[in-house]
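Taking the form predicted alone, here's one chain by itself in structure tokens.
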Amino acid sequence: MALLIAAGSARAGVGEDAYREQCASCHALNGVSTPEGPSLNGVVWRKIAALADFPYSPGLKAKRGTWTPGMLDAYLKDTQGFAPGTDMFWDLRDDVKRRAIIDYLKSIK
């Protein structure tokens, strides 16, 4: 059991570092969106394009569903393929970093 907890803590640390490197310049975690991006506080299991304080692109407004870990993975891997016309301008092709960020975002409520 202690090994599982240590592994989870290590992944969370990697995810937090990757979040800071890849996401923090545009996305806050305090529940308040910035002009550059919606808050990612509680994003996992939130409806897509659901925050009232952010003007989502038509590409994301057209998407239906919930930000499941799988949907976040697909979006971060190929933003324009997932939601053509989205304002997000980069893809995160590194599978390990992408999963670490998603795991970290799961812990942010």
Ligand code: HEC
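Bear in mind that the values here come from a model prediction, so they are computed numbers and not experimental data. A residue's number is simply how far along the shown sequence it sits, counting from 1.
Below, we refer to the form predicted together with the ligand, which is not included among the displayed structures.
For D94, no non-hydrogen atom is located within 4.5 Å of the ligand in the model of the complex, even though that partner is not displayed. In the model of the complex, the ligand lies within 4.5 Å of some heavy atom of V43. Although the partner is absent here, H27 is a contact residue: one of its heavy atoms lies within 4.5 angstroms of the ligand in the model of the complex. The closest heavy atom approach of G37 to the ligand in the model of the complex falls within 4.5 Å. Contacts between 83 to 97 and the ligand, taken as any heavy atom within 4.5 Å in the model of the complex, involve T86, D87, M88, W90, L92.
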